[in-house]
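In structure tokens, one chain follows: the form predicted alone.
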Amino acid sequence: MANPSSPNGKKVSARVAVVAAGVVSPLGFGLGETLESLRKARDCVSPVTRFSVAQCRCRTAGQIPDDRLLASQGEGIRGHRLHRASHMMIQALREVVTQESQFKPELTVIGTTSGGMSYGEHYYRSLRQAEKLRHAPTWIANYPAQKPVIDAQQAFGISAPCQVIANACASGTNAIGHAFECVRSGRYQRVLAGGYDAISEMVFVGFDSLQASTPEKCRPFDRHRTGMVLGEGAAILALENLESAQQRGAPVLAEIVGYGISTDNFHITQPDPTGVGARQAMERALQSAHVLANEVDYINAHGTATVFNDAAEGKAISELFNGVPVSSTKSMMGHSLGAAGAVEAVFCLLALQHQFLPSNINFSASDDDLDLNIVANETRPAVLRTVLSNSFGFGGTNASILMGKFQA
């Protein structure tokens, strides 16, 4: 459908509704369990059990229990051959389809970083150790990043074209932002968007080797923060042209109203310490939405609890916003990398729907160099109309989306 025009001939951007959402993460399976965990400010980080961490500094992560994840998919040979990431995507998409069975996507956009990385590890180790390669076909078939997306679509008879965005830890937010632009432009009416990532040993050990991970609690924006913990999960949002959604009587959970990106090119693993990249992404999201900084009611920060990230992001937030409540929900479930932006978008959706501020747990003391209004340790009721979600990744890639409470 062509982009509509106003009487003066200028193009009019379509409003973009969120009509359904699905999520699986350490906080729970589905919107209901996730909401309960957010409200109770649960610490869902636990000792790593999937592989040995005996030689690592960090020994904890936010994990989705295998027994429940695999049991939810039922029995069958094919199900047992799929990677955990595929099961996560199937779980998230099942919730979307259950909520909105009439939603027929024209495009699917998913962000991720690692695909079936753990199967790649198995294959490489078998080659190096001259072991039998009986399972090699399964390992290789499940390694590509698009495989979990294809598996999820196939499970529900969806054949929409699929785009995978791999842009470090901004991937999930980039996917939602790109899908938002696709619908707002009028080129598409309905797009599935989200992200996934599953914990793998190589990624875990890699962050530990960089000394970015903490042997303690994850404490975003705290003076005593010592690093991040990893997490995992998947989340999918169904985005639709608002007029189309209303015409067919679909529920409108919220609206995506703005999207901003930047790349600061400062360092491969560190953000520009001035916070210029983060600030540009947030400013561009505001401009995209035609929203002023003082109209934002809550910020779900990237907030990895690493010294450099929190300092740069905190500086950008304090310069651009005046006392807006801020929290990093990574304190509760860890950093799910390419999935983080999508999972945290669902957190923002729930915050808008139920009018509360998710908490930044494990917080004890403000950083002397940061002037932030941290939602410390407990959720708070609040009147929320517009919320901002940040995702910033290696290589200085930055993305922000603005989500608004639906108003007819």
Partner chain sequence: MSLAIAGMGWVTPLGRGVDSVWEQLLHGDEASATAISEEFGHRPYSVFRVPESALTGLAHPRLRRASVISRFAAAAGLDALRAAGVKLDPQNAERTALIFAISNGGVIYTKRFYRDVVDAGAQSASPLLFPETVFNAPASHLAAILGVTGATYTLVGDGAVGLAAIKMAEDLMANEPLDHCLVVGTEEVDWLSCDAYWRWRLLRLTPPIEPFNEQQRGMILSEGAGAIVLARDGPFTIECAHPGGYFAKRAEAGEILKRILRDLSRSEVDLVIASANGTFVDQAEYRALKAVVSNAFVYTAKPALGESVGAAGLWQVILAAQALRSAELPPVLHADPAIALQLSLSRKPLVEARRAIVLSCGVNQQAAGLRLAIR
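Nothing here was measured: the structure is a model prediction, and the numbers come from that model. Numbering follows the first chain given and starts at 1.
Heads up, the form predicted in complex with its partner chain isn't pictured, but that's what we're talking about next.
Contact with its partner chain in the predicted bound form, judged by any heavy atom within 4.5 Å, is made by just one of V164, V257, L253, L320: V164. Checking S159, Q102, N294, Q247 for any heavy atom within 4.5 Å of its partner chain in the predicted bound form turns up a single hit: S159. Contact check for T386: no non-hydrogen atom falls within 4.5 Å of its partner chain in the predicted bound form. Interface residue remark: H290 is not counted as part of the site for its partner chain in the predicted bound form, having no heavy atom within 4.5 Å. Among residues of the shown chain, T98 is not one whose heavy atoms approach its partner chain to within 4.5 Å in the predicted bound form. Among residues of the shown chain, V307 is not one whose heavy atoms approach its partner chain to within 4.5 Å in the predicted bound form. In plain terms, the part of the chain that comes close to its partner chain in the predicted bound form, with a heavy atom within 4.5 Å, is 129-137 out of 327-335, 217-225, 129-137, 297-305. Using a 4.5 angstroms heavy atom cutoff to its partner chain in the predicted bound form, all of E181, S262 and I268 count as contacting. Contacts of stretch 207-245 with its partner chain in the predicted bound form, defined by any heavy atom lying within 4.5 Å, are made by F207, S209, L210, listed in sequence order.
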